[in-house]
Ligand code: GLU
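Form predicted alone, single chain, as structure tokens, below.
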């Protein structure tokens, strides 16, 4: 191959280059995390480029989703995002340069001819590749094709004898043969002979990365073949190539590449399910990277940035582990202050149209409810499900109904209801609540455990839930306890 200089000592400048043809995928987000960590570790810059040259599939809504997802995760970028479609003239200038230097040429092969070529290769069990049939057309042959009304793509010459090598930060020394790259590569779509059609991915990536002075390209291993092609383009354009790092793919439980068929793959979907940005960013860091000994598996992005190194990035694919993500998310939620947790839950409660009335209907009541529920949460969405019986009286489930049918359950609840009526609307303290329970048990002549279970059934419609006494006191503050007990008598 032609000699290609490789950036080794220039300031660290990395980029994320998502295509706005879909929402922010977990794989793209993990790539963003690794880029961000590497840039911050080395005091460099993390840049963003929106690769929107696929005109039919690119949508502004997807761009907005990508930007919002990155910001939510805490992956703030440096400078303004580069919009790739705005640089099309620079891409065409590079193609013109390659045509002038003989590194590229116009190919007039029709779609029917290319289809016939591929079918013949398949019939003879050959790997599909372009056979370079129009690489060395004479001027007369070109003119004849133009006279037929044919339009031409622009192809970049790939020498089958070329050997492409680079030192990958994850995979070490890499070596590719030009003969494995599928023949001369299309770098611009069809257009009349006096024009250059829309430039294509491998060409525009090289031109844009060079213009942005990208020092390191950190991306998934599915781009390795593209890297070999792009290194040839760097050489032909006389540009300095970046250092490459190809990270492992994210795999599902069956060991296959994580895809939409596996369900949730979009960052916005994880957010809607109730995962926190802290936990998701933490978990994505662990998808392919092993923290140093003693660091543990729970950490912030800033903490990871202090020690992030590609020596600890694995080559093997990273299996997505829901249990570990759930554990991390629970750890994050359990560590939040009551006010922070309430700030996250309150909008979700408001979306349900939930509110309370009465003298205790203030933010302090909701703050205390968040405090009560916090230790049992795995997802923020759990805070909606578990809060529901505090805002609206629930129906009795089967276990709760069975509990209330036990001998002595209803008489004990009736005694408790009478005691509450005598107590009136004044606030109920924990010691006073215990006295009311003791009195009701004595009057009904049953064990205290029967009344406690029955009280939970009456208040929550279930035998499961948070601490019973705190639950009772919260519901008493909004005047909901007596009505729920009375309905079960």
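These numbers come from a predicted model, not from an experiment. Positions refer to the first chain, counted from 1.
Beyond the structure shown, there is the form predicted in complex with the ligand, which is absent from this document and is the topic of what follows.
Colleague: Check residue 103 for me: does it contact the ligand in the predicted bound form (non-hydrogen atoms, 4.5 angstroms)?
Modeller: No, residue 103 sits far enough from the ligand in the predicted bound form that none of its heavy atoms falls within 4.5 Å.
Colleague: Taking the shortest heavy atom distance, is residue 19 within 4.5 Å of the ligand in the predicted bound form?
Modeller: Yes, residue 19 sits close enough to the ligand in the predicted bound form that at least one of its heavy atoms falls within 4.5 Å.
Colleague: Residue-level question: is residue 150 within 4.5 Å of the ligand in the predicted bound form, judged on heavy atoms?
Modeller: Residue 150: no, not in contact with the ligand in the predicted bound form.
Colleague: Considering non-hydrogen atoms and a 4.5 Å limit, does the ligand approach residue 92 in the predicted bound form?
Modeller: It does not: once the ligand is placed as it appears in the predicted bound form, residue 92 has no heavy atom within 4.5 Å of it.
Colleague: Of these, 340-348, 201-209, 322-330, 396-404, which stretch puts a heavy atom within 4.5 angstroms of the ligand in the predicted bound form?
Modeller: It is 201-209 that comes within 4.5 Å of the partner.
Colleague: Since exactly one of 229, 219, 157, 271 fits, which has a heavy atom within 4.5 Å of the ligand in the predicted bound form?
Modeller: It is 219.
Colleague: Just to confirm, with a 4.5 Å cut-off on non-hydrogen atoms, which of 135, 223, 118, 189 contacts the ligand in the predicted bound form?
Modeller: Contact with the ligand in the predicted bound form is made by 223 alone.
Colleague: Given a 4.5 Å distance limit between heavy atoms, list every residue of 49-74 close to the ligand in the predicted bound form, or none if there are none.
Modeller: The one in contact is 51.
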